[in-house]
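Next up is one chain by itself, shown in structure tokens, the form predicted on its own.
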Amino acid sequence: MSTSAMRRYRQTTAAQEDLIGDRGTDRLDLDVLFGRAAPRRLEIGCGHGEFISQMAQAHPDEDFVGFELDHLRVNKCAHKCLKLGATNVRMYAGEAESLVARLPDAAFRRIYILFSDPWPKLAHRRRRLVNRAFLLELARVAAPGCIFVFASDTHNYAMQVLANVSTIPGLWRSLHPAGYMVDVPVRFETVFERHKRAEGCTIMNLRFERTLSRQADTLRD
């Protein structure tokens, strides 16, 4: 979906620019960015914007930050937000690791990573985003009690995330007794989830709660 369907997003409109952040490296001041202090949610890997646009529309009293690698998809996400009248969103294009590094400490009450690139080949799994180092960085930007939701149709990726969480005890607490649930009904499906469900894939859902501990920095490699 990169040629005819995405051509319209090669140009960023003035209205979209209001929702798209800069490509700098400075730490973000979210109060200044949104012009208010409000509960905040983060989606990493927004894809085509279905989830973040509808979630932001449903929660106008909260602010949403979205990250996506591809700038065309960021334009598309901004377009969908504007179409729904959801201006409480700021989108950023770039590598997730670099973008998360710009976020302030303890800033978010919800974090979503939905259908992150699974890199299914064994030789490529080291490229998966949600490794131990990234979980530590998420713990830094998560407020105590923050809920982190991870969903994937790639079961060994979900189990890898569970294993990585186990290496940093005291930061994240699983909210599922078995560590995961399958085919959990969702409020707003992403394009990827809709396609995978149509293919008959089983979706694994992981939910973690950020503990009251603030020891992330002491656990870094």
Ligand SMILES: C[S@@+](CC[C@H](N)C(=O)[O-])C[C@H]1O[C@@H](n2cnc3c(N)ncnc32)[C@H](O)[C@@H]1O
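In this text, residue numbers run from 1 along the sequence as written. Everything quoted here is computed from the prediction, not taken from an experiment.
Not pictured, yet referred to below: the form predicted together with the ligand.
For the options Gln160, Thr190, Gln57, Thr154, the residue carrying a heavy atom within 4.5 angstroms of the ligand in the predicted complex is Thr190.
Only one of the listed residues (Asp183, Asp70, Asp31, Glu62) places a non-hydrogen atom within 4.5 angstroms of the ligand in the predicted complex, and that residue is Asp70. The candidate spot formed by Glu43, Gly47 and Ala96 is fully in contact with the ligand in the predicted complex: every one of the three has a heavy atom within 4.5 Å. Not displayed here, the ligand is approached by Leu129 to within 4.5 Å at the level of heavy atoms in the predicted complex. Not displayed here, the ligand is approached by Leu114 to within 4.5 Å at the level of heavy atoms in the predicted complex. None of 140-148, 101-109, 70-78, 83-91 except one has non-hydrogen atoms within 4.5 angstroms of the ligand in the predicted complex; the exception is 70-78.
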